[in-house]
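Starting off, we have a lone chain in the form predicted on its own, written out as structure tokens.
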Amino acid sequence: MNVVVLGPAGSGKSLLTCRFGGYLLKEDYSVKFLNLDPGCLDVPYHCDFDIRERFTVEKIMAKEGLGPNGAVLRAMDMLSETKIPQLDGDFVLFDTPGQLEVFAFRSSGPKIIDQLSDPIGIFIIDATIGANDLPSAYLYSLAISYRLGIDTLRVVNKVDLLNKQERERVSKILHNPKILEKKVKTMGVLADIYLPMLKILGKVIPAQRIPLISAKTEEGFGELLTILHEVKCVCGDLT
């Protein structure tokens, strides 16, 4: 199963790749790890394929005289031209670049995904952004999965940093985002945009199971594995 780990910078992509991969190994699955981030300094897992062996953002900066942003863009263009090896494993985990928007909205992301056989994405929502901002993060994840053309699970990571009250509020919003309507109505003109979005999310979000996980403590990994299996079974979907 090709699993592409997605999420904004700092959401915990590399740690989730490492810890979930380790969890799968303990469950007697074979696992391969691929790092597609040419800008990272280090990864916490052993790479079966590491894009940094071919090029890095730092080396591009030095060779082509580019600044950090220009080098990242150049690296993404180079990534789009890279042939990704087809590795055998029960789970093949792809750790994507920290600058998700550059990966997804340039040609590199779609071209990488097109090389993979029946991939599924795991989009990480950072729990520490606050419960009230969960709908905006979910909308972002929808845009990313649409752009990449990939079925995508959503997980809320870093729940180990939340107290009991915060966890309960996150769960309530994930089951019924419409409870934020009162807050949105105070936003003036923006409410005309956000209220219809909340209604759409009120139909989309409850239809999917969104596990609360911690890449640090491995909380929720069992549920995440179960959902991945359900998605790939004949009768499975993302609900």
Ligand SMILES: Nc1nc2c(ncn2[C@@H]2O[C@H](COP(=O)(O)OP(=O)(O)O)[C@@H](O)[C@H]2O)c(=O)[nH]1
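In case it trips you up, residue 1 is the first one in the sequence shown, and so on. No experiment lies behind these values; they were computed from the predicted model shown.
One more form of this protein, predicted in complex with the ligand, exists but is not displayed; see below.
- Between 154 to 162, 135 to 143, 84 to 92, 112 to 120, the stretch whose residues reach within 4.5 angstroms of the ligand in the predicted complex through a non-hydrogen atom is 154 to 162.
- In the predicted complex, the ligand stays beyond 4.5 Å of every heavy atom belonging to L25.
- Taking the partner from the other structure, the ligand in the predicted complex has no heavy atom within 4.5 Å of any heavy atom of I227.
- Although the partner is absent here, L15 is a contact residue: one of its heavy atoms lies within 4.5 angstroms of the ligand in the predicted complex.
- Although the partner is absent from this view, G10 contacts the ligand in the predicted complex, with a non-hydrogen atom inside 4.5 angstroms.
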